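Next up: a single chain in structure tokens, the form predicted alone.
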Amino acid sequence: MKMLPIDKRYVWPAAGLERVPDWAYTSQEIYDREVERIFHGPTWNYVGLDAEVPDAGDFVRSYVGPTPVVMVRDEEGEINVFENRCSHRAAEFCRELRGNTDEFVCPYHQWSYDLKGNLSGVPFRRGVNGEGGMGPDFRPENHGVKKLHVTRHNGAVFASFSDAVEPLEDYLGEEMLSDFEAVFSGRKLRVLGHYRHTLSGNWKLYPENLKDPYHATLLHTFLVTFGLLVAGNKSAMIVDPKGRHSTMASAKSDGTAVSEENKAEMRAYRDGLALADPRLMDFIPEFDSPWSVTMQVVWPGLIVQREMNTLGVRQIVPNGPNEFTMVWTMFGYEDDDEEMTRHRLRQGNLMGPAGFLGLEDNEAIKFVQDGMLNSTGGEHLVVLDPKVPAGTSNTLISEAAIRAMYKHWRQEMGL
């Protein structure tokens, strides 16, 4: 029986961007199309930091979407990214998260690759005693691993499978590039540590979460009680013209700007809650930005986190339609003094899998995925702030950035 085309089988709700269908989050077929058209399409995917591979031979095991790759610095100082898949029998030849090496050797049959991904050795290529081995037409230069396009910007490294991807500066656009360069300004980075954890939810729920300032005013006790992102603050939800990238921004207040009316709307607000060590919430101005808090989404899988003085990147690694892994890298700058490094580390307790601002999101994402998998709804509402159909909004009580993301997603997916 002939199957209907995918756009006839997966039909977007007639209400348009004000509804999102559950199949966008739960279908294996939709997920496979996302890998092909988005992660392996004309997008720049964050793979690591320059500072993680300072010396020749330094490598990091990373991902482009779900696809395992290796980021490595070669003898000439260039950074190369290639698939972590042996060209012989497809084994993931790099098994360590990070390290230093002269070559990569597949553990299965010991085929080896240089730091540029070229095949450099095949055991028993000529066979033994004139028998076996590879045929006379075998050319090692035709059997290197798949190499990706690489670009770098002020310490951040991106890779793409696509020949058609635009330059990173054009990909981000002027406004998003400005927010990006508030963190990646050219100051040399110093890696402070890593986290990683796996969440039971579709990967798009994470960028959605950071395009959803409405939830931030309601879910997070720390955000609203200590004035980081709260109704009444100077704030914005900024979206690029294509709807793919965004920055959620807020200027920290002392909490006195929160009206009694707004406090009554926010169940997470805890009047009178105080910190044993108030230095946790200190903000030391150091950025060329009007904002003390920004969470930037670089489509499709990077979050740049600037929560006052704690800095980090979060890489989204999808594991299928219903699960993804978050890889966090926390950093500061090489010219930080010891006091600033300790401040960034102290403030880093806000973030990560069990951070004061992170654990609630992790649970909420699981609850949303469970709701879609186990109930009968079929679609859900994204209707707040109807005066802004899709894109930038000046109010936190808005879902216009989520609508912008799905406008772009539908174009990329052909749905």
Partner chain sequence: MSVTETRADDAALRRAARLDIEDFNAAYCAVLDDGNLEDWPEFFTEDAFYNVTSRENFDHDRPVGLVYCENKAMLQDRALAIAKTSMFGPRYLRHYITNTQVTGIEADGTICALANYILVETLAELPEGRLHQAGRLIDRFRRQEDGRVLLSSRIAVYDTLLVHNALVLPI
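Residue numbers count along the first chain shown, from 1. In this text the structure is predicted, and so the values were computed from the model without any measurement.
Form predicted in complex with its partner chain: not shown, discussed below.
Undergrad: Among 170, 141, 337, 277, which has at least one heavy atom within 4.5 Å of its partner chain in the predicted bound form?
TA: Going through each option in turn, the one that passes is 277.
Undergrad: Within 4.5 Å, heavy atoms only, which of 56, 373, 364, 383 is in contact with its partner chain in the predicted bound form?
TA: It is 364 that has a heavy atom within 4.5 Å of the partner.
Undergrad: Given that the partner is absent here, does residue 26 sit within 4.5 Å of its partner chain in the predicted bound form, heavy atoms only?
TA: Flag for residue 26 set to no.
Undergrad: At the 4.5 Å heavy atom threshold, is residue 125 in contact with its partner chain in the predicted bound form?
TA: Flag for residue 125 set to no.
Undergrad: Would you check, heavy atoms only and a 4.5 Å threshold, whether residue 345 touches its partner chain in the predicted bound form?
TA: Yes, contact at 4.5 Å.
Undergrad: Residue 353: heavy atom within 4.5 Å of its partner chain in the predicted bound form?
TA: Looking in the predicted bound form, residue contacts with its partner chain include residue 353, since a heavy atom lies within 4.5 Å.
Undergrad: Out of the stretches listed (80-88, 174-182, 298-306, 337-345), which one is close to its partner chain in the predicted bound form, meaning heavy atoms within 4.5 Å?
TA: Among the candidates, contact is made by 337-345.
Undergrad: Taking 74, 100 and 186 as a possible spot, do all three reach its partner chain in the predicted bound form with a heavy atom inside 4.5 Å?
TA: No, the candidate spot makes no contact with its partner chain.
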